[in-house]
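Presented as structure tokens, the chain that follows is alone, the form predicted alone.
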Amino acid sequence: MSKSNCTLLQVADVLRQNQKFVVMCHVRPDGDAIGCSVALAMSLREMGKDVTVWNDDGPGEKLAFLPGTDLVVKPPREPQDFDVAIAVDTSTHPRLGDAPAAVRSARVWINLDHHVSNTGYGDLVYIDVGAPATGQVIYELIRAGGMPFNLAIAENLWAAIATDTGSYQYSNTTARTFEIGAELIRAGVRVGKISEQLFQTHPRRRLELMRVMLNGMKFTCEARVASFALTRAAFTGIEGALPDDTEGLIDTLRSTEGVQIAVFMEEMEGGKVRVSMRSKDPRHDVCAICAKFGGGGHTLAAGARVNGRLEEVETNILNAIADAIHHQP
């Protein structure tokens, strides 16, 4: 399945022919979003291009160890002009946050992604739904276009791919993914060092959040669904807690024996609830469930931002999951 209207070579040609770029990715960025944004920006800068990277929330404390993350800044209040605007790892235009409004003009908009739910916005669209991470797409672009490649770029791409494959464990990991991983290691990536930072180093406050989750998690649909709803009060009650600290907590729910779908719901400011959903069984398409609430993603990993009170959203989400499970042939 493809929603592309161009090839990577055509994208590379546009990159070579222009000078001023802005790279953007989705709000609350994960390792894939930041890793591929920074890797692409660094490669373009090595080509002598003028490159800016914008994100509403920045790389966060967790990813700050990656080289080049200081390039990621918040969009300015005064709009700017660019030759090319590039969106990476972002399935819908609104998920880019405030960044697009800061682009006064751009001759070309490029959309590079791997989400099946991508709406296909932009002038040049390249979406590889078979790639487990947008980091893999950026690697293929750099190689196909003969663009600069070095250790710093490789480290960002490793983080991008490792994040979205669960450190090369998820079922979306392909033979090509391992081949690219080998190339990144040959470029000098120290797997142990990066893995320790990504997966084995957490602040104490995250453990406090996990304790709250373990005490409040629910099991429904004959224990096939594990869920947790994090209230704003519980989050702010943990000293120093940051939004990034909730990342990955859903994996604990997902790993429970017998659980087929895991859901993490987080009450946010402004009357919204951030919903993350994971499935172990491709018959249970969480992307389709999240789409009912204006979200999207992949068959086995998806999310949405839903307007409403946490209790109401939790009920509606769990009812939708139950309906999907009970109607599964």
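Owing to the predicted nature of the structure, the values given are computational and were not obtained by experimental measurement. Residues carry their position along the shown sequence, with the first being 1.
From this point on, the text means the form predicted together with another copy of the chain, which you will not see here.
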Requested in this report: Heavy atom within 4.5 Å of another copy of the chain in the predicted bound form: which of 102, 241, 124, 210 fits that? Just give me the one.
Outcome: 210
Query raised in the report: Among 144, 223, 151, 73, which has any heavy atom within 4.5 Å of another copy of the chain in the predicted bound form?
Result: 223
Query - Residue stretch of 125 to 133, 83 to 91, 232 to 240, 171 to 179 approaching another copy of the chain in the predicted bound form, non-hydrogen atom distance within 4.5 Å - result: 171 to 179
Query raised in the report: Is there a heavy atom of residue 78 no more than 4.5 Å from a heavy atom of another copy of the chain in the predicted bound form?
Result: no
**Report entry** Touches another copy of the chain in the predicted bound form: residue 254 (any heavy atom, 4.5 Å)
**Finding:** yes
Requested in this report: Would you please decide whether residue 120 lies within 4.5 angstroms of another copy of the chain in the predicted bound form, comparing each non-hydrogen atom pair?
Outcome: no
Query raised in the report: Quick one: is residue 188 in contact with another copy of the chain in the predicted bound form, heavy atoms, 4.5 Å cut-off?
Result: no
Query raised in the report: Even though another copy of the chain is not shown here, does it sit in the predicted bound form so that 158, 201 and 217 each have a heavy atom within 4.5 Å?
Result: yes
